[in-house]
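Let's start with one chain on its own, the form predicted alone, as structure tokens.
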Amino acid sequence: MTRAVRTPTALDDVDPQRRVRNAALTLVALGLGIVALWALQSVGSTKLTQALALFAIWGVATVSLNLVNGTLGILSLGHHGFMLIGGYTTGLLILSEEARGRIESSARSTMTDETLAISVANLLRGLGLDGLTTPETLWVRFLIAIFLGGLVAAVAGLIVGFPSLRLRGDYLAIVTFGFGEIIRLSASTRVFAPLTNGALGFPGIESEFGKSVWWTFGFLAFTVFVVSKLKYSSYGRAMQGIREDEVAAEAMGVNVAYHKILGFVISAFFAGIAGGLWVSWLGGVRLDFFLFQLTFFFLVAISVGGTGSITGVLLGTALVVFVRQYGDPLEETYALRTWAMAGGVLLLVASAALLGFRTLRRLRPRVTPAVLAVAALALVVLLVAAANPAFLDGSFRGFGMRAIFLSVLLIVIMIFRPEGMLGRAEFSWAGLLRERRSEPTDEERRQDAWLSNPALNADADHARVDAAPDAADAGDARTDREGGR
């Protein structure tokens, strides 16, 4: 095989400068982000700090789920099962001695002395590392526990990945949902009850890590870094090829089975890490912490932000977390007229947002029938609420309105913007600075060696030159035939 030789291009002189500039801008942005987190933690409320930590935890989960749903193109509905495995593993390994004593003395406990002895601290003592079992080194034990939880979840992802080799579409979604529910329901059975304490679960998990913005955002940064590097590598491009056309990707030499399993394993690993952070944020672990509703929130975040876009997924996660944490007023008791006014204003804001989005994206026409219909409906609702008819007398309590709001938002997005707010677009400094690029990057050239292979390029040039006379002869013959007619 001819060795690929990189040929110089006009872009080579610019790329190093762009790389230095992008690295400098990224460092500045990271520095500003750290300062902002420090300021928010210092002057902000406890609820705000917990909301930021929850955003980072759910961000880890949604970014990992997006690797399967967005990059690989497989609808996975069992992410809560992988989080459960990581959460229970982390919780058991990091459970405090006081909590183990309470569980042991409880008459309702199903845990045995052997399972209660499973901990990172006992493992380190067995290895002679007693210095890492002190209260000051709790963070070391938490790191070990959470990565072990991710590894156990990755093994479960490997098991789930095998049935996906022969299934596609809705059938595969049903299989992933089934695995997620099997994992959740099996945790309370007699087989696993000694490890999970059945439906009771166990409290006493240290919450200083799950509610810390530094720990949670550190894991979020690590997840985004790994998943983004994977997405733009040859593996990620193969996964995107499977997403677009699995048959064509296989025909081009992509190992479909390998890349599917790889996607499931990596996604499950980070889901396990998110599960460990989640139980630390809650301060305990129970089965009802890992209902399918958890995966539903992640799916809403991905669908709203943009399937396949890490940036969009994080924006969607921020919206979902904001509604979940600060949506308490939606579930209070108000007069029906107030609900109608709020609904009309919300519809009006939605139509304005849709118009602004089409304007920013330079879509034509800017004012579509959908924009007009939503605006007209908003005006009708507002006029009816202002008239205060008799049927609006009384009050209504919006119990469960936060989940209803997210469900309606998902329906609206699926109707008017199925690809989400950002689609598959990602944030980049070049895009922010409105730079346009007409040539492939160095990374793309390295991944596609034939672009810079002189031998292949020469063969292609010779093929075009040889084909030119034949094409000319064919054109002359066609002209003669048309002249004869």
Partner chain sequence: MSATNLRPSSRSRRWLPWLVLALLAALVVARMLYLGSVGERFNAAFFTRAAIDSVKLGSLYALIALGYTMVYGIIRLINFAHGEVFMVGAFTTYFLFTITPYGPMAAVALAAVLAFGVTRLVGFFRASPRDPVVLASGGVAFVALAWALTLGTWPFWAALLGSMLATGVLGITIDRVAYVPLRTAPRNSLLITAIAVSFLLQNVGLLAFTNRQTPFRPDTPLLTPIALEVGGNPVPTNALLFAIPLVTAVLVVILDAFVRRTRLGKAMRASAQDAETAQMMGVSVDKVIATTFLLGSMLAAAGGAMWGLNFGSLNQPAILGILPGIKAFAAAVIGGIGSLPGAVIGAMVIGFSENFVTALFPRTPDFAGITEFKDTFAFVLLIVVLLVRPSGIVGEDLSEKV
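Residue numbers count along the first chain shown, from 1. What you see is a predicted model; the values in this text were computed from it and never measured.
Just so it is clear, the following notes concern the form predicted together with its partner chain, a form of the same protein that is not shown.
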| query | finding |
| --- | --- |
| The unique member of V140, V155, I174, L348 whose heavy atoms fall within 4.5 Å of its partner chain in the model of the complex | I174 |
| Residue (of A376, A117, I411, L360) lying close to its partner chain in the model of the complex, criterion heavy atoms within 4.5 Å | I411 |
| Any non-hydrogen atom of L132 within 4.5 angstroms of its partner chain in the model of the complex | no |
| Its partner chain contact in the model of the complex: G201, any heavy atom under 4.5 Å | no |
| Contact label in the model of the complex: G327 to its partner chain, heavy atom within 4.5 Å | no |
| Non-hydrogen atom contact R125 with its partner chain in the model of the complex at 4.5 angstroms | no |
| Per-stretch contact check against its partner chain in the model of the complex, the hit in 312 to 320, 389 to 397, 101 to 109, 272 to 280 (non-hydrogen atom, 4.5 angstroms) | 389 to 397 |
| Its partner chain in the model of the complex - contacting residues of 269 to 292, heavy atom within 4.5 Å | F292 |
